[in-house]
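Quick setup: one chain, the form predicted alone, written in structure tokens, and binding and motion questions come after.
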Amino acid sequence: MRTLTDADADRHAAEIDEQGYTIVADAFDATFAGEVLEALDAIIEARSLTPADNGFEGRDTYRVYNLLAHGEVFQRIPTAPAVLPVVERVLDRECLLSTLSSIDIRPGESAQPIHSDDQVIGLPRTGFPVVCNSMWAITDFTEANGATRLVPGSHRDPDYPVYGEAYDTIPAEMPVGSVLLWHGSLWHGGGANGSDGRRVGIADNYCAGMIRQQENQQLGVPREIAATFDKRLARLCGYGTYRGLIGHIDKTDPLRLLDRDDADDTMLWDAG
């Protein structure tokens, strides 16, 4: 996978601050995209998954949640060197992985209602980011096949979008291998697929360390699998503390639950 320079990471973070989103080109190659697609299709077939059949998740959209529990290929995504450094600049290095899931929009799917990803949290919209999300283009994203629709600059709007209302949007068109990153307050939604092909993306989403994750990574990912994660991925999943305090277990590092020897039990109280 591509590694961003500090200057490139700074530039992408600045674009998110200014317009609410950015696109990192050539973040990964077609070979990796093919591996992901093959793994997703195998999961869908093995679990006999079907669309959720609701207006938000879609009636012709296949979704696979909790991807970290489904194979090593997915475990390479959250710490990607073309993505995580940008997220850390928008949030901070103590951010958490909120959810890792796939969104496979099939032909005939209608557009998703415009929303913002911090909307369910319900905090006042001050512009301060508590969520930063990304969408990996596992196939080409085009306006015809349902590329994510964006309302540029809406992350600075003091209001949340009204669910179900129509808004002026632009499509985040990008070739396979690209990653769209956006501020959690940005108004957006999946596009309608009027093509004869599928639009497959990986939603690799993050939240600030004091915010509860969308998917419960500590319970959703079997502990024997989490024990194989490198320290950075384990921390992203919540095996750590925020600011040396939030999330501790009896004043010890949650990483100890994975029988690791690289835990750090230093707590906020010990700094004085």
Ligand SMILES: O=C(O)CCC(=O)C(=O)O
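What you are looking at is a predicted structure, and each value in this text was computed from that prediction instead of being measured. Residue indices: 1-based, along the sequence shown.
Only in words, not in the display: the form predicted together with this ligand, which the text now covers.
Listed stretches are 188-196, 158-166, 85-93, 121-129; the contact stretch with this ligand in the predicted bound form is 188-196, by a heavy atom cutoff of 4.5 Å. Taking the partner from the other structure, this ligand in the predicted bound form has no heavy atom within 4.5 Å of any heavy atom of V176. Shown alone here, T142 lies farther than 4.5 Å from this ligand in the predicted bound form, counting heavy atoms only. Contact annotation: R63 falls within 4.5 Å of this ligand in the predicted bound form, judged by heavy atom distances. When contacts are judged by a 4.5 Å heavy atom cut-off, A80 does not count as touching this ligand in the predicted bound form. Using a 4.5 angstroms heavy atom cutoff to this ligand in the predicted bound form, all of H115, M135 and T148 count as contacting. The single residue of 31-61 lying near this ligand in the predicted bound form is F56, the criterion being any heavy atom within 4.5 Å.
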